[in-house]
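Taking the form predicted on its own, here's one chain by itself in structure tokens.
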């Protein structure tokens, strides 16, 4: 077992069962780059505060930059026998600079170290996710533009409701994603990167030494929105805070909800019963028994993974609900749900972007569905309202007309005018026939702020 960051007061070796049970390097290795950036920043702070000589800081920075480069170039191999990634990097630094590495932990607790790395990881991950969201949103916009004249039946309660533009239907998901992006942006902008909490009580270094510009620390940060490294306002709160993880997984869960809803719509539309769309076979799978099958497994998994995201959120909430201040080892269990949630949503956005681009809409089938006269019942109500009939009365009249049509298997537009007038003297057949037009229906809605 490699050296730990602790152990001075222990005379006995840790039981191997405890080693195995408590180690976290099998998942927190994802924090490697962020941990090195934290150490580089801390070296600069130690130099500024006088705990490191300039030549010592230079030597440590050079070694840490070498480790950083190995991570960037994917040559870094973490040691599975290390307790965690922070210990592993410390041990690798020791191999490069010897006892000088022992000074890096001056005025620094692993509690503070882990928090820095996790927050920076979240910053990077949010930026990456936003890029994937933009690509996906562009794919939705492109489909809407390519099919801007397509009108589809809109649904409530999975029943035909009113005709809507396909671009507006896809636009509904864009609106959801705009809200999701705004939530991520808020978290990103308010997630403060701090150092100086120590284990919980702060450090001997004055607060001002922590409040220095990122550009003075490490150019490799290469990340917007981090103009300063800050000292904590309350070190007790800082080391015990995991609100930001809960907030992030919550937003990711909402995104997963939206993607799941879209997946369900596409699954339904791809069925033989609907046959609104064709999903490219490169995004489908087959059956080991039934040779005719073309299954939308990708969409089904997106629908299913929403449950995994909800579970991740509940697991962190449950973990935190009864913890006394400040740090407790339970909090180690926040990483896997966080990493997993980012990975799932990121992968979903990427695969959906590709799938959306390949969608083909069966306009002939959609147009057949638009012949359903029930889709225009509300337009008939407004027709009567425009004739100065009270809305409730108009609603009742059209309801009776629809029931008569259904009971007698007779289309409204095929009814003679004298039959129509039995329901209302205001009905004129020529006017009504014009209303049974999906384009007339959608264009009659004036409240939507459409871009022409």
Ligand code: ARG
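Numbering follows the first chain given and starts at 1. Remember, it's a predicted structure, so these values are computed and weren't measured experimentally.
One more form of this protein exists, namely the form predicted in complex with arginine (ARG); it is left out here, but the text below deals with it.
Contact check for 180, 260 and 305: none of the three has a heavy atom within 4.5 Å of arginine (ARG) in the model of the complex. Remark: residue 35 does not count among the residues lining arginine (ARG) in the model of the complex, judged by a heavy atom distance of 4.5 Å or less. Using a 4.5 angstroms threshold between heavy atoms, residue 253 stays clear of arginine (ARG) in the model of the complex.
Arginine (ARG) in the model of the complex comes within 4.5 Å of a heavy atom belonging to residue 110. By the criterion of a heavy atom within 4.5 Å, residue 119 is excluded from the residues contacting arginine (ARG) in the model of the complex. Residues of just one listed stretch (165 to 173, 321 to 329, 285 to 293, 343 to 351) have heavy atoms within 4.5 Å of arginine (ARG) in the model of the complex: 321 to 329. This chain is displayed alone, yet in the model of the complex one of 151, 299, 380, 114 has a heavy atom within 4.5 Å of arginine (ARG); that residue is 114. With the partner omitted here, the residue from 92, 335, 160, 123 that has a non-hydrogen atom within 4.5 angstroms of arginine (ARG) in the model of the complex is 335.
Shown here without arginine (ARG), the chain has only 84 in 64 to 84 lying with a heavy atom within 4.5 Å of that partner in the model of the complex.
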